[in-house]
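In the block that follows, a single chain appears as structure tokens, in the form predicted alone.
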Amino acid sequence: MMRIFCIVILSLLSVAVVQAQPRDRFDEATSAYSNAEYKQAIQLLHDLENEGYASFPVYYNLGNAYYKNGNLGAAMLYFEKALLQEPGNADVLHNIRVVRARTRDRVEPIPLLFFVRWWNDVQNAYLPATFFSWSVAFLWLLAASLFLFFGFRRVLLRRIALVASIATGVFFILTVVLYSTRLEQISAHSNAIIMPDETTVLSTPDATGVESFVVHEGLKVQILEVREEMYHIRLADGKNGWIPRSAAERI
């Protein structure tokens, strides 16, 4: 009996030690960052990421460590990864603006119609799980409204229930569309960050391609197509072309 008890205690202690290790290494990385040992902090945080602890604190601190180490491309990449974990986080948005101010490319986005801009802002402000929760809530409200519509006999109450049914039905459809498009956007990893200091964008992905323009470290681009070792990219101002896959890291 005592032997079994000791085995159980040792097992629990082992689990506790294993669970404590990531926390300890994260604290060690934080300490290294505080002591301006940025390369050590980066290595410790990457170890956590590779072991499956890819979370907002790991990404956010990687972005900060890379920025302090002078790697603008990697800093932007990990701030964007952190933003996927916590959309709208004010600290991450601030740091992205700081990195963007130091990048060499000045790209003016194509002006969008107000409703397209509004749709994009709403879509990027929340995680898919949030839209899923909202869609479930609106589905319940829709069911309740329909129940009241068929249950009421007074005309005024039936009209109110009908209006509520239409409104909740529209919001239900909108949240389902937002959920599916946001999920597809994240899983597609269609955005990337330019990593080398300078990359030439070609007109075609083969040997006949001519130099179209040049992009620099830290610029965010959209990947339109993948062909062998080349990415077809588009900038926010609409310019597009081909770059080597090694020149960009997907977010």
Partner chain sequence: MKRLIAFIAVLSVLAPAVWAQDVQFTCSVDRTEVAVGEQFQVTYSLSGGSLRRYSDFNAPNLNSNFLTLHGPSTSQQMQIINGRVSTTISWSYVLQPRSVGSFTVPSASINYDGSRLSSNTVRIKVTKAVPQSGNQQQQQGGSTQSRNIDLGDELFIRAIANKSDVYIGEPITVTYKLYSRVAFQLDNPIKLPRMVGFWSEDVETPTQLRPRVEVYKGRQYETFMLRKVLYFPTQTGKLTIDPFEVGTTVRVRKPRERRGNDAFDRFFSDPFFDRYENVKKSLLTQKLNVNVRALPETDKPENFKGVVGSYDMNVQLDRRKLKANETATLTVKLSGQGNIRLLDEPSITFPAGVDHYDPTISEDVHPEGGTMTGSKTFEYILVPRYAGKVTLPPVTFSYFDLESKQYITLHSASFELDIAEGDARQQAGQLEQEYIDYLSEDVRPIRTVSGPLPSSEDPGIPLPLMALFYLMPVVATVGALLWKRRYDAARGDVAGMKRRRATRVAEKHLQNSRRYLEQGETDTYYLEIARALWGYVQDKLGLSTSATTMAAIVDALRKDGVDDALSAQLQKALDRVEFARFSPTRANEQEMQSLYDETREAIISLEEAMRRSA
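Note that the structure is predicted; figures quoted are calculated from it, not measured. Positions refer to the first chain, counted from 1.
Absent from the display: the form predicted in complex with the partner chain. The rest refers to it.
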Option touching the partner chain, based on a heavy atom within 4.5 Å in the predicted complex, out of I193, V215, I42, V58: V58
Site check A90, I186 and E229: each within 4.5 Å of the partner chain in the predicted complex by heavy atom: yes
Close approach of N64 to the partner chain in the predicted complex, 4.5 Å, heavy atom: yes
Distance check, P128 to the partner chain in the predicted complex, heavy atom within 4.5 Å: yes
The partner chain contact in the predicted complex: E108, any heavy atom under 4.5 Å: yes
The partner chain contact at V136 in the predicted complex, heavy atom, 4.5 Å: yes
In the predicted complex: members of 133-169 within 4.5 Å of the partner chain, any heavy atom: S135, V136, L139, W140, A143, L146, F147, F150, G151, F152, R153, V155, R159
